[in-house]
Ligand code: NAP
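First comes one chain, alone, set out as structure tokens in the form predicted on its own.
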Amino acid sequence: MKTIKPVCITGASGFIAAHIVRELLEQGYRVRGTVRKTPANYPFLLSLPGAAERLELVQADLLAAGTYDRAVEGCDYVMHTASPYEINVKNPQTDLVDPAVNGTETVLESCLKSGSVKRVIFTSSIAAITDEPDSRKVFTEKDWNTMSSLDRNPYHFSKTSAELAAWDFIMKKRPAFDLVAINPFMVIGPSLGPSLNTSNEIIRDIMSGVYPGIMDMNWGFVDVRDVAKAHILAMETGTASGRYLCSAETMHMRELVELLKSSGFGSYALPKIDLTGKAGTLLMKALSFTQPKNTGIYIRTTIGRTMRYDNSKIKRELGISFKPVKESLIDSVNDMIKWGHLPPQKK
């Protein structure tokens, strides 16, 4: 299914969005991406294969009403990926929640005015499903994060608020287009641009001596290239509906460190002390109060808990198969070295 109409990608320079742009161009689609600065500031997008012929970049502002009218005009499909992703901010309301929620509503209003949009694919997050692992529970698309707030994991709160706003818009306005949400866990893998995304930053910190020991934490990981494919499959699959939890597999911090060691990265400042027992968890909870506020909250709501989830819906309905996390992690590290986010390996 190819269309002469462009596919609109908001926040096209973002970690996930850039891969969506690349994949769409590779498949022969026309793409119209929104960016915050003038297009010349994004050479890594403009130099993608097919970009000269089929990529158009337009400026847009998440907080300016009507700013996306031009971007979505004449499009059948819109992928809304633009949203701030930071853990520690000065003002959670203005720095995270307002851009996420108001930006979502602004994009959807423009889609409503366009008269052409058939489907919006919304980039949500596991953060909208939960901010606290529960060893007794397997999370699914039916779960919603009800615990986050401006004071507790505000990034999670912003993602939850934005997705709720999107579904509320659909329910109240009854537009001609439908909505599909993609909810990825920690998105890792190579970056098409020079910036460092937050999930890869955690890997970098583990390799840079930021963590004093191996903590009792596990995460769900998914390759950015698979997240991009999931968005496109959600666009192309007519029967796609609702939310899709998008994550390949979980990995404990201990497994992650061992993988990095066995993959030739043992010369980095990987944590060595095993703090995964009860005493270690209590110690790390105490030390978390010395960290920036929201980093500390994140540690305290995650450590000592096991994250479990069911990703069968996305595999069954969209037909996606995920890259092995070990492969994605190694690609992430090599890419961070290439971009200068990690120093070269010691000989």
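Keep in mind it's a predicted model, so treat the numbers as computed, not measured. Numbers for residues come from their place in the sequence shown, where the first is 1.
We do not show the form predicted in complex with the ligand, though everything after this point is about it.
**Student:** Run the contact test on D61, Y68 and S199 with a 4.5 Å heavy atom cut-off to the ligand in the predicted complex and return yes or no.
**Tutor:** Spot residues vs the ligand: full contact, yes.
**Student:** Spot the stretch among 165-173, 236-244, 124-132, 138-146 with residues whose non-hydrogen atoms come within 4.5 Å of the ligand in the predicted complex.
**Tutor:** Of the options given, it is 124-132.
**Student:** F185 versus the ligand, in the predicted complex: is there a non-hydrogen atom within 4.5 Å?
**Tutor:** Answer yes; at least one heavy atom of F185 falls within 4.5 Å of the ligand in the predicted complex.
**Student:** P92: heavy atom within 4.5 Å of the ligand in the predicted complex?
**Tutor:** The answer is no: P92 has no heavy atom within 4.5 Å of the ligand.
**Student:** Any of the heavy atoms of V333 lying within 4.5 Å of the ligand in the predicted complex?
**Tutor:** Contact with the ligand, no.
**Student:** Is T106 part of the interface with the ligand in the predicted complex - any heavy atom within 4.5 Å?
**Tutor:** Heavy-atom contact with the ligand at 4.5 Å: absent for T106.
**Student:** So the ligand isn't shown here. In the predicted complex, which residue out of T81, T160, N153, S110 has a non-hydrogen atom within 4.5 Å of it?
**Tutor:** Checked against the cut-off, the match is T81.
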